[in-house]
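The data below hold one chain only, encoded as structure tokens and taken in the form predicted alone.
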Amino acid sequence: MTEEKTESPYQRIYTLVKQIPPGYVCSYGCLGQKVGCTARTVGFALSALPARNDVPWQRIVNSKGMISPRADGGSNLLQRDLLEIEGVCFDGTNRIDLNAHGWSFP
């Protein structure tokens, strides 16, 4: 009998985030529903990532299509820069059009 390894909730979150293509974003809540956890857990998982990793954390935004504020402040600017490099557009109120850039998992 073989034991099947089950992924932790954080690993499931990271696996799904890696599936979001450049130019698209997903909300914390949408991702949480897909994984079966809360939006807050998604935020905790992303904040637990080491500095150098292959998870495109910048593609996760809040339900309003905005970058969520962080305590350090600098990550907000980095996230916006990374998203703009990928072709994500922000309007005059710093929102992303989720109809144009929102990712729905298959």
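Numbers follow the displayed sequence, beginning with 1. The shown structure was predicted, so the numbers you read here are calculated from the model rather than taken from an experiment.
Separately, the form predicted together with the DNA exists; it is not shown, and the next lines address it.
Using a 4.5 angstroms threshold between heavy atoms, residue 8 counts as touching the DNA in the model of the complex. Under a 4.5 angstroms non-hydrogen atom cutoff, the DNA in the model of the complex has residue 40 among its neighbouring residues. Interface membership of residue 18, defined by any non-hydrogen atom within 4.5 Å of the DNA in the model of the complex, is ruled out. Residue contact with the DNA in the model of the complex: residue 70 places a heavy atom within 4.5 Å of it. If you take 21-60 and check each residue for a heavy atom within 4.5 Å of the DNA in the model of the complex, you get 27, 28, 29, 37, 38, 39, 40, 41, 43, 44, 46, 47, 57, 60, in sequence order.
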